[in-house]
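One chain comes next, on its own, written out as structure tokens in the form predicted alone.
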Amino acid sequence: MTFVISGDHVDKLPPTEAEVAIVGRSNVGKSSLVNALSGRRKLAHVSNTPGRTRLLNLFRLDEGGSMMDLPGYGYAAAPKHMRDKWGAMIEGYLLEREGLEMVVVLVDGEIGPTKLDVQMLEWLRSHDLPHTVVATKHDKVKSSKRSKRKQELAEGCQLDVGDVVWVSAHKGVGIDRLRGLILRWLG
């Protein structure tokens, strides 16, 4: 996987044949997941400060197709005027991008879906956009509580337990499975 370009509007991005987008609230682990999927530690910048991804960041996959890392929604350590633009940028991308095959919605597996996550899922469903929920931070959930957490998270997203893909970018859990799904979505 290689970085291609960043842009603040879908019109400023090169066309792609097939693309997967990654969305989620700030600090859910989008950049860490991009790095884990690529097998490279510093492809996407990882920060402990929410809101460091501020543009549409396009990556080309070696096997073909592309992946888009979108800015996070929710709290971000960025000026209000900048945060206000992100909603329109994300919505414009999701509604206008040709070749968008799947929206991967990251939900923090440790805390479960937030109100903003639920709103995002409802918005995607209302626009008939294909999406999959991926629960991050599998390693942060105690093994004795994982079964219950998986059930609660799925219910909070209005899904069956088997419809949620669990990953840990830090430990590599589920990364190969998700990589395989992405390649399948990209055809």
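When you see a residue number, it is the position in the sequence shown, counting from 1. Please read these numbers as outputs of a predicted model, since none were measured by experiment.
Unshown form predicted in complex with guanosine-5'-diphosphate; subsequent notes refer to it.
Q: Quick check on this chain: which one of Ala169, Val164, Ala21, Leu178 has a heavy atom within 4.5 Å of guanosine-5'-diphosphate in the predicted complex?
A: When guanosine-5'-diphosphate is considered in the predicted complex, the option within 4.5 Å is Ala169.
Q: Of these, Arg149, Lys140, Arg60, His131, which has a heavy atom no more than 4.5 Å from guanosine-5'-diphosphate in the predicted complex?
A: By the 4.5 Å heavy-atom cutoff, the listed residue in contact is Lys140.
Q: Tell me, please, which stretch of 23-31, 60-68, 155-163, 122-130 lies within 4.5 angstroms of guanosine-5'-diphosphate in the predicted complex when heavy atoms are compared?
A: Going through the listed ranges, the match is 23-31.
Q: Under the 4.5 Å heavy atom criterion, name the residues of 171-187 that approach guanosine-5'-diphosphate in the predicted complex, in sequence order.
A: Heavy-atom contacts within 4.5 Å come from no residue here.
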